[in-house]
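One chain comes next, on its own, written as structure tokens: the form predicted alone.
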């Protein structure tokens, strides 16, 4: 069965202005496609442009040059209202800094995307996912009372409960121990088996080796795309 292309990146480049007239090229001439139901990892040394690339391909940061198409359309041509609706309903994002809302409890953070979409998330679904993630915190505690690892699990759970078709993950296991990383990876693999598409930036090559393909970056450029990656093929 042929899977449709859900993300298409053509000749993407990103420059950032450091000082007046002084430009830094962060990304240069990157092109690749992602099919529905694929699990793509983006790996490379620190400073190689991984997070910038993820932001550019996910509708959060306009590229300087090149084209980003998600389901055949460029999110950067939409007005703010349409773009906000797209981000809320069709994609999910897990940020490095979690971006949880401190004034809400862990439970309310978990169900927030559903609330915003006027779609009630069932209490049972929240509790089952918390159990799968082994989120041991009392869910009605404030976010500030949770450890970094527990906060990261809430951020992951929130995105999964929103049920987007495409998930963009920026170092989603950075605050987790080895056991918790395995739990998260098993969940992500299940989502992919259900037809979801996952694009993940990670420094954890063991995680990247479990994805369908891995994009290896260096100095803002795509070195290569690795099919069925392994620890041996992911050397930078």
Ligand SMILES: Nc1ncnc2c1ncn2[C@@H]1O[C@H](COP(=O)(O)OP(=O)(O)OP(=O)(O)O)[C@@H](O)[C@H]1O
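Positions refer to the first chain, counted from 1. Being a predicted model, the structure only gives us computed values, none of them experimental.
This next part talks about the form predicted in complex with this ligand, which is not shown.
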Only one of 5-13, 208-216, 20-28, 221-229 has residues with a heavy atom within 4.5 Å of this ligand in the model of the complex, and that stretch is 20-28
TODO: Find out whether any non-hydrogen atom of residue 174 is located within 4.5 angstroms of this ligand in the model of the complex, and reply yes or no.
DONE: no
_Residue-level contact is defined here as any heavy atom of the residue lying within 4.5 Å of this ligand in the model of the complex; does residue 50 satisfy this criterion?_
yes
So in the model of the complex, does residue 141 come within 4.5 Å of this ligand, heavy atom to heavy atom?
no
request  = Considering only heavy atoms, tell me if residue 74 and this ligand come within 4.5 Å of each other in the model of the complex.
outcome  = no
